[in-house]
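For reference, the chain that follows is the form predicted alone, supplied as structure tokens.
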């Protein structure tokens, strides 16, 4: 018998001490951002004409959207491939996607020199079809809008029928209620199509982010310059998206005093294992086929950064996830998935910062203090937004129903060929 899955805000609030620390870090970040807007990139960063982008582009944009891909990977898994056993994680993944892509877009507004022209790619007379960066901008903007539409039913579920504006705003209760009902009906009609469009757009812009660096063959270290860089970018986010969902789910459960949904998380980690293995095979094969592995003994900092990316960020989590004990132990599973995310983060830093060397620069780029403070501050702000969302919106399933939903839907899917999960997934779902 299948139990209807219900979502609800957290009944237990998260640590106020942690919130205060995050607020302080966020405030420092806001000061750094204001300094950048008042005095420009030259005063607030170590960027130059030779190095026009640095850690903001690598971490706050490229890595942020890579680690936020759980929104589209979980949407594909649950709604396209009908793996209903993972439905308890779908809204959490969607929230990660919404906040991650919003973080990336906000960071981009801080990163570009003429931030007041950020609207230009959306204006038809300024379109440039031959630009990879234009394609990235259009895909990210479009997908971000789709994420907001996908998140609308969560807002409607929380507030529809409960609108109670304070004071003089109370006269607008009826209008807001009608707006919520209309939004709920509209999104219900178009959501299926938008899910498919969002998946396509995500695949397009992740591969295009890798294609950005193909225009600089003589400025990139051979470890990271390869014609298959777009494919490697896409393969890496497939593993990272699921891994981040698992890690955030475990951390959220711990912070809220709940048990993590281990059957679903353990079985989902098998997808991380498969996609990570495919990515590493492709990545290492590319290094061997192009014979650039010979540069490992050439000296410099690049071999060290490559080994950090591939060993603790790739091979180690692959070995960990291959163990059933790790997959069924929340702490170990969290560490393994955290290492997957670390590996993708290091790959983006290596591609956009370490690998790039300008032929006309006297010194190499190193991030400045204000750049690091901005990243820390924005991460703190979006962490606060995440904590507030799970505490006030129906993001997480009710504790008593989560495990039964996973078990029941796994049983139901096992009897229907079109919905059946892989054999290993079904075994973990019943563990």
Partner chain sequence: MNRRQFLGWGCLGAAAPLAGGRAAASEASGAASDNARGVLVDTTECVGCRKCEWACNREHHLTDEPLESYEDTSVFEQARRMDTAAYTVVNRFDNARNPERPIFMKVQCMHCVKPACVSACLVGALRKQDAGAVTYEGWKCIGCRYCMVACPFEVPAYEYDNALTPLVRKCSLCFERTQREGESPACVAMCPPMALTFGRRSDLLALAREKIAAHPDRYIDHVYGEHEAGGTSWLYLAERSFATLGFPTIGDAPVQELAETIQHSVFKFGLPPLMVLGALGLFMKAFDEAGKDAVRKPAASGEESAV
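Positions refer to the first chain, counted from 1. Since the model is a prediction, treat every value here as computed from it, not as a measurement.
There is another form of the same protein, the form predicted in complex with the partner chain; it is not shown, and what comes next is about it.
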How about residue 342: is it within 4.5 Å of the partner chain in the model of the complex, going by heavy atoms?
-> no
Give a yes/no on whether residue 80 approaches the partner chain to within 4.5 Å in the model of the complex, heavy atoms considered.
-> yes
Counting only non-hydrogen atoms and a 4.5 angstroms cut-off, does residue 305 reach the partner chain in the model of the complex?
-> no
The partner chain contact in the model of the complex: residue 387, any heavy atom under 4.5 Å | no
Just give me the single entry in 223, 103, 151, 271 that has a non-hydrogen atom within 4.5 angstroms of the partner chain in the model of the complex.
-> 271
In the model of the complex, the one of 259, 114, 325, 189 near the partner chain [non-hydrogen atom within 4.5 angstroms] = 114
When the partner chain is placed as it is in the model of the complex, which of 313-321, 230-238, 181-189, 155-163 ends up with heavy atoms within 4.5 Å of it?
-> 230-238
Looking at the partner chain in the model of the complex, which residues in 147-174 have at least one heavy atom within 4.5 Å of it?
-> none
